[in-house]
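Only one chain comes next, encoded as C-alpha coordinates, the form predicted alone.
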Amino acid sequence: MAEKKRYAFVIDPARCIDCRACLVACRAEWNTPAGQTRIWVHSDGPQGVFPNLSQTFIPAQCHHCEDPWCVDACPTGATFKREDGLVLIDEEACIGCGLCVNACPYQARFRNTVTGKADKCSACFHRVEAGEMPACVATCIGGARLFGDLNDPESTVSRAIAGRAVYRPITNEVNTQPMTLYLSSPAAAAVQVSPQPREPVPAETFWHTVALPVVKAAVALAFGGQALAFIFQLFKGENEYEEA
(Lines give C-alpha, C1' and ligand atoms only; values in the text may rest on other atoms or scores of the structure.)
Protein backbone atom coordinates (compact mmCIF):
# COMPACT_ATOMS: atom_id res chain seq x y z
CA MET A 1 0.00 0.00 0.00
CA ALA A 2 1.42 3.37 -1.06
CA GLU A 3 2.25 5.79 1.71
CA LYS A 4 -0.07 8.78 1.79
CA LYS A 5 1.25 12.09 0.52
CA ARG A 6 2.58 14.74 2.89
CA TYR A 7 2.84 18.02 1.05
CA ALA A 8 5.14 20.86 2.07
CA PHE A 9 6.68 24.06 0.73
CA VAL A 10 10.44 24.48 0.81
CA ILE A 11 11.74 28.04 0.59
CA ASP A 12 15.31 28.98 -0.33
CA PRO A 13 15.66 32.74 0.29
CA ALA A 14 19.14 32.71 -1.26
CA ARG A 15 17.54 32.02 -4.65
CA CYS A 16 14.86 34.75 -4.50
CA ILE A 17 15.60 37.82 -6.65
CA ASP A 18 12.35 39.65 -5.78
CA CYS A 19 11.06 39.53 -9.35
CA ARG A 20 7.49 39.19 -7.99
CA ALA A 21 6.50 36.79 -10.78
CA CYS A 22 5.05 34.48 -8.12
CA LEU A 23 2.73 37.22 -6.87
CA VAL A 24 1.51 37.96 -10.40
CA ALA A 25 0.95 34.26 -11.11
CA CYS A 26 -0.99 33.81 -7.88
CA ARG A 27 -3.22 36.81 -8.56
CA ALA A 28 -3.89 35.62 -12.11
CA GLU A 29 -4.70 32.10 -10.91
CA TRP A 30 -7.14 33.18 -8.18
CA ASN A 31 -8.31 36.65 -9.25
CA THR A 32 -7.45 38.04 -5.83
CA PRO A 33 -9.00 41.49 -5.18
CA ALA A 34 -6.78 44.54 -5.61
CA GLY A 35 -4.89 45.31 -2.42
CA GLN A 36 -5.02 41.71 -1.19
CA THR A 37 -2.66 38.80 -1.82
CA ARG A 38 -2.35 35.13 -0.90
CA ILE A 39 1.44 35.15 -0.91
CA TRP A 40 4.22 37.61 -0.04
CA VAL A 41 7.87 38.39 -0.65
CA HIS A 42 9.57 40.20 2.22
CA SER A 43 12.99 41.76 2.62
CA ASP A 44 15.38 41.77 5.56
CA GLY A 45 17.52 44.59 4.31
CA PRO A 46 19.50 46.27 3.31
CA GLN A 47 22.05 44.98 5.81
CA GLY A 48 25.55 46.32 6.45
CA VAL A 49 27.28 49.61 5.77
CA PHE A 50 27.86 51.09 2.31
CA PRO A 51 29.50 49.89 0.16
CA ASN A 52 29.32 46.49 1.85
CA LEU A 53 25.59 45.96 1.68
CA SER A 54 23.46 42.84 1.36
CA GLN A 55 19.76 42.11 1.10
CA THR A 56 17.76 38.89 1.29
CA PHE A 57 14.25 38.38 -0.04
CA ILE A 58 12.00 35.95 1.80
CA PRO A 59 8.96 34.34 0.11
CA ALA A 60 6.07 33.48 2.43
CA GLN A 61 2.51 32.16 2.36
CA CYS A 62 0.10 30.10 4.48
CA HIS A 63 2.16 27.41 6.18
CA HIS A 64 -0.44 24.60 5.92
CA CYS A 65 0.33 23.68 9.53
CA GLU A 66 0.22 20.17 10.88
CA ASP A 67 -1.61 21.59 13.91
CA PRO A 68 -3.72 24.34 12.29
CA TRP A 69 -5.46 26.61 14.80
CA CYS A 70 -7.67 27.95 12.01
CA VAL A 71 -9.35 24.54 11.68
CA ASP A 72 -10.21 24.45 15.39
CA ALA A 73 -11.52 28.02 15.22
CA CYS A 74 -13.92 27.47 12.31
CA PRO A 75 -17.49 26.96 13.61
CA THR A 76 -18.88 25.48 10.39
CA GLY A 77 -16.10 23.15 9.27
CA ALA A 78 -15.41 25.37 6.25
CA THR A 79 -11.70 25.32 7.06
CA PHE A 80 -10.39 21.78 7.05
CA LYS A 81 -7.16 19.82 6.72
CA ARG A 82 -6.83 17.10 4.10
CA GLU A 83 -5.01 13.83 4.65
CA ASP A 84 -2.19 15.08 2.43
CA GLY A 85 -1.65 18.03 4.79
CA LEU A 86 -3.18 20.85 2.75
CA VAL A 87 -5.36 23.22 4.78
CA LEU A 88 -8.22 24.42 2.59
CA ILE A 89 -11.41 26.49 2.77
CA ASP A 90 -14.84 25.37 1.55
CA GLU A 91 -16.17 28.73 0.40
CA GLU A 92 -19.77 27.53 0.32
CA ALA A 93 -19.59 26.53 3.99
CA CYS A 94 -17.76 29.71 5.07
CA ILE A 95 -20.00 32.26 6.82
CA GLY A 96 -17.37 35.01 6.85
CA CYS A 97 -17.21 35.23 10.64
CA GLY A 98 -13.45 35.86 10.58
CA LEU A 99 -12.64 33.63 13.55
CA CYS A 100 -10.11 31.67 11.51
CA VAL A 101 -8.47 34.92 10.40
CA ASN A 102 -7.91 35.96 14.01
CA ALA A 103 -6.86 32.47 15.04
CA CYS A 104 -3.93 32.27 12.61
CA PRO A 105 -0.80 33.25 14.59
CA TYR A 106 1.03 33.98 11.32
CA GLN A 107 -1.62 36.34 9.93
CA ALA A 108 -1.64 34.39 6.68
CA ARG A 109 -5.42 34.65 6.26
CA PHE A 110 -7.66 37.52 5.27
CA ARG A 111 -11.30 38.20 4.52
CA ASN A 112 -11.78 38.55 0.77
CA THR A 113 -13.22 42.03 0.11
CA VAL A 114 -15.28 40.77 -2.84
CA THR A 115 -16.69 37.49 -1.50
CA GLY A 116 -16.70 38.34 2.21
CA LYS A 117 -15.27 34.85 2.82
CA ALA A 118 -12.03 33.74 4.42
CA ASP A 119 -9.20 33.51 1.91
CA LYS A 120 -5.59 32.28 1.86
CA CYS A 121 -3.05 30.22 -0.08
CA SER A 122 -4.54 26.87 -1.06
CA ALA A 123 -1.35 25.52 -2.66
CA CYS A 124 -3.31 25.61 -5.94
CA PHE A 125 -4.74 22.21 -5.00
CA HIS A 126 -6.53 21.89 -8.35
CA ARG A 127 -3.20 22.16 -10.14
CA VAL A 128 -1.55 19.72 -7.72
CA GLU A 129 -4.33 17.19 -8.29
CA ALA A 130 -3.68 17.51 -12.02
CA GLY A 131 0.00 16.73 -11.51
CA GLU A 132 1.16 20.34 -11.77
CA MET A 133 2.94 22.68 -9.36
CA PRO A 134 1.22 25.60 -7.59
CA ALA A 135 1.24 28.71 -9.78
CA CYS A 136 3.82 30.52 -7.64
CA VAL A 137 6.20 27.54 -7.73
CA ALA A 138 5.78 26.97 -11.46
CA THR A 139 6.56 30.65 -12.11
CA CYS A 140 9.58 31.00 -9.80
CA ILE A 141 12.51 31.37 -12.17
CA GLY A 142 15.14 31.07 -9.45
CA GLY A 143 13.74 28.00 -7.72
CA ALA A 144 13.23 29.86 -4.44
CA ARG A 145 9.76 28.34 -4.01
CA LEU A 146 9.51 24.55 -4.09
CA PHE A 147 6.56 22.25 -3.39
CA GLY A 148 6.10 18.51 -3.20
CA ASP A 149 5.57 15.33 -1.25
CA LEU A 150 7.94 14.85 1.69
CA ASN A 151 7.06 11.15 1.77
CA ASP A 152 8.50 10.74 -1.71
CA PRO A 153 12.32 10.65 -1.42
CA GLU A 154 12.61 11.55 -5.11
CA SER A 155 10.39 14.64 -4.91
CA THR A 156 11.83 18.11 -5.44
CA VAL A 157 11.36 19.06 -1.80
CA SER A 158 12.88 15.85 -0.45
CA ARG A 159 15.96 16.29 -2.61
CA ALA A 160 16.23 19.97 -1.67
CA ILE A 161 16.35 19.32 2.07
CA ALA A 162 18.41 16.13 1.98
CA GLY A 163 21.39 16.54 4.29
CA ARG A 164 20.56 20.19 5.05
CA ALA A 165 19.27 21.97 8.12
CA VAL A 166 15.72 23.24 7.74
CA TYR A 167 13.88 25.86 9.73
CA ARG A 168 10.19 26.12 10.45
CA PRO A 169 8.72 29.61 10.95
CA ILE A 170 7.74 29.77 14.62
CA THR A 171 6.45 32.98 16.20
CA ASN A 172 6.61 34.02 19.85
CA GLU A 173 7.07 30.40 20.94
CA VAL A 174 3.89 29.43 19.06
CA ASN A 175 4.52 26.20 17.18
CA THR A 176 1.71 24.94 14.98
CA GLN A 177 4.22 22.73 13.13
CA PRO A 178 4.26 24.72 9.87
CA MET A 179 4.80 22.76 6.69
CA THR A 180 6.85 25.56 5.17
CA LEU A 181 10.50 24.64 5.52
CA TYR A 182 13.19 27.28 5.04
CA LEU A 183 16.73 26.44 3.99
CA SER A 184 18.01 29.34 6.08
CA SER A 185 16.66 30.73 9.31
CA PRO A 186 13.64 32.85 8.28
CA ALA A 187 13.53 36.51 9.22
CA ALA A 188 10.69 37.81 11.37
CA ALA A 189 8.89 39.03 8.26
CA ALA A 190 8.60 35.49 6.96
CA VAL A 191 7.22 34.26 10.26
CA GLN A 192 4.49 36.90 10.45
CA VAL A 193 3.66 36.60 6.77
CA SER A 194 1.30 39.58 6.60
CA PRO A 195 2.89 42.94 5.79
CA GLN A 196 1.44 44.28 9.04
CA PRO A 197 2.46 41.85 11.81
CA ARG A 198 0.35 41.54 14.92
CA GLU A 199 0.60 39.61 18.14
CA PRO A 200 -0.44 35.95 17.72
CA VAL A 201 -3.74 34.93 19.25
CA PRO A 202 -3.13 32.36 22.02
CA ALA A 203 -5.62 29.60 22.67
CA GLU A 204 -6.79 31.15 25.94
CA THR A 205 -7.97 34.45 24.45
CA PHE A 206 -11.50 35.74 23.88
CA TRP A 207 -12.08 34.12 20.47
CA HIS A 208 -11.28 30.65 21.80
CA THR A 209 -12.96 30.78 25.21
CA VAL A 210 -16.00 32.96 24.48
CA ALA A 211 -16.61 33.83 20.83
CA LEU A 212 -15.99 30.38 19.35
CA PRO A 213 -18.25 28.45 21.78
CA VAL A 214 -21.03 31.04 21.32
CA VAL A 215 -20.87 30.87 17.51
CA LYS A 216 -20.75 27.07 17.53
CA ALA A 217 -23.71 26.94 19.91
CA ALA A 218 -25.67 29.36 17.71
CA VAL A 219 -24.98 27.29 14.60
CA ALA A 220 -25.97 24.11 16.43
CA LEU A 221 -29.21 25.70 17.67
CA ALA A 222 -30.03 26.92 14.16
CA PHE A 223 -29.58 23.45 12.67
CA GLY A 224 -31.41 21.90 15.61
CA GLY A 225 -34.33 24.26 15.16
CA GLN A 226 -34.57 23.44 11.48
CA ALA A 227 -34.51 19.73 12.24
CA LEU A 228 -37.30 20.05 14.82
CA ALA A 229 -39.38 22.13 12.43
CA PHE A 230 -38.95 19.48 9.75
CA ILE A 231 -39.99 16.69 12.13
CA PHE A 232 -43.00 18.72 13.28
CA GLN A 233 -44.14 19.32 9.72
CA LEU A 234 -43.62 15.63 8.92
CA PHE A 235 -45.83 14.44 11.79
CA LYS A 236 -48.37 17.15 11.06
CA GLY A 237 -48.61 15.96 7.47
CA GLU A 238 -49.05 12.31 8.57
CA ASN A 239 -51.81 13.25 11.03
CA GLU A 240 -53.65 15.25 8.41
CA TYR A 241 -53.37 12.30 6.00
CA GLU A 242 -54.77 9.88 8.60
CA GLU A 243 -57.69 12.19 9.44
CA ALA A 244 -58.54 12.51 5.76
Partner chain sequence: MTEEITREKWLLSRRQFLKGAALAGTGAALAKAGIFDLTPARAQGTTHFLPGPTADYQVYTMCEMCVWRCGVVAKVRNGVVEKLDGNPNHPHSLGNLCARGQSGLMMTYDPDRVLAPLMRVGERGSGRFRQATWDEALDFTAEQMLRIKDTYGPQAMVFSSTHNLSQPLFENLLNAYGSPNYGTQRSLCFNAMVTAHLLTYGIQEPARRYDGMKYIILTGRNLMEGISTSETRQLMEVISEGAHVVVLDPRFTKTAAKAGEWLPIKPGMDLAFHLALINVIVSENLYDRNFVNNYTVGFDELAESVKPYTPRWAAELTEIPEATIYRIAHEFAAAAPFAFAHPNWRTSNFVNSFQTERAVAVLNALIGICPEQGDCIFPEEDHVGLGSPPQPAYPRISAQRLDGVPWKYPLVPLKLGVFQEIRDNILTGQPYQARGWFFSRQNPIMSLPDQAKTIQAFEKLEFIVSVDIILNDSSWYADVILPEATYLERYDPVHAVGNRVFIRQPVVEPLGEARSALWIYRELGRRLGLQDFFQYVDEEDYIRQQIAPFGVTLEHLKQVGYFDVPREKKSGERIWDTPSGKVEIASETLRRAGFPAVPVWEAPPEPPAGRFYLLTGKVGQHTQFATQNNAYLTEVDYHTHDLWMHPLAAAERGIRDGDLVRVASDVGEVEITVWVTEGIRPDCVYMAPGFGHTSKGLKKAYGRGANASRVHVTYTDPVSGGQALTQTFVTVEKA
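Residue numbers count along the first chain shown, from 1. Predicted model only: the values in this text are computed from it and were never measured.
In what follows, reference is made to the form predicted in complex with the partner chain, a form of this protein that is not presented.
Novice: Does the partner chain come within 4.5 Å of any heavy atom of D90 in the model of the complex?
Specialist: Flag for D90 set to yes.
Novice: Is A138 near the partner chain? Define near as a heavy atom within 4.5 Å, in the model of the complex.
Specialist: The answer is yes: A138 has a heavy atom within 4.5 Å of the partner chain.
Novice: Does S185 reach the partner chain in the model of the complex, with heavy atoms at most 4.5 Å apart?
Specialist: The answer is no: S185 has no heavy atom within 4.5 Å of the partner chain.
Novice: In the model of the complex, does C65 come within 4.5 Å of the partner chain, counting heavy atoms only?
Specialist: Close contact is absent here: in the model of the complex, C65 is far from the partner chain, nothing within 4.5 Å, heavy atoms only.
Novice: At a 4.5 angstroms cut-off on non-hydrogen atoms, which residues of 47-62 are near the partner chain in the model of the complex? List them in order.
Specialist: Residues within 4.5 Å: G48, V49, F50, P51, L53, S54, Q55, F57.
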